[in-house]
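Before any questions on binding or motion, here is one chain by itself as structure tokens, the form predicted on its own.
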């Protein structure tokens, strides 16, 4: 049983972070407003969770301007995809 818990990642324990990673793993990238709308969270809440995932190097950030307006895009890094996949597999194994 203890071995099953080894691949659970604390970075994904929060439902917002779990949602962010789930959305980014199935999309090439998403911008801030798309993530906010998808997850139904506030700007500040989303920003703090994204910053945490970025600090863990699970999410990359690209800032650009579209029609003179700032647009921030987020993508799952390869490291983030691997860690998230391990986390989901660990949950699946726990449920078996």
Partner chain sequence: MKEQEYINDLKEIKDIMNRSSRFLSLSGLSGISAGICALIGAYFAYDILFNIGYDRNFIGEKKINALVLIGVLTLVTAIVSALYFTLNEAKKNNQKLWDLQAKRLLINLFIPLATGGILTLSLVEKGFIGLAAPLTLIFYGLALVNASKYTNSELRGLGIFEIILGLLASQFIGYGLWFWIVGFGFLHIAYGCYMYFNTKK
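Numbering follows the first chain given and starts at 1. It should be emphasised that the depicted structure is a prediction, and the values quoted were computed from it without experimental measurement.
Beyond what is shown, the protein has a form predicted together with its partner chain; the following relates to that form.
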(request) Could you spot which one of 57, 64, 43, 37 gets a heavy atom to within 4.5 Å of its partner chain in the predicted bound form? (result) 37
(request) Answer with yes or no whether residue 29 is in contact with its partner chain in the predicted bound form, where contact means some heavy atom within 4.5 Å. (result) yes
(message) Does any part of residue 83 reach within 4.5 Å of its partner chain in the predicted bound form? Heavy atoms only, please.
(response) no
(request) Answer with yes or no whether residue 18 is in contact with its partner chain in the predicted bound form, where contact means some heavy atom within 4.5 Å. (result) yes
(request) State yes or no: in the predicted bound form, is some non-hydrogen atom of residue 22 no more than 4.5 angstroms from a non-hydrogen atom of its partner chain? (result) yes
(request) Scan 63-96 and note down the residues that get a heavy atom within 4.5 Å of its partner chain in the predicted bound form; none is a fine answer too. (result) 84, 88, 91, 92, 94, 95
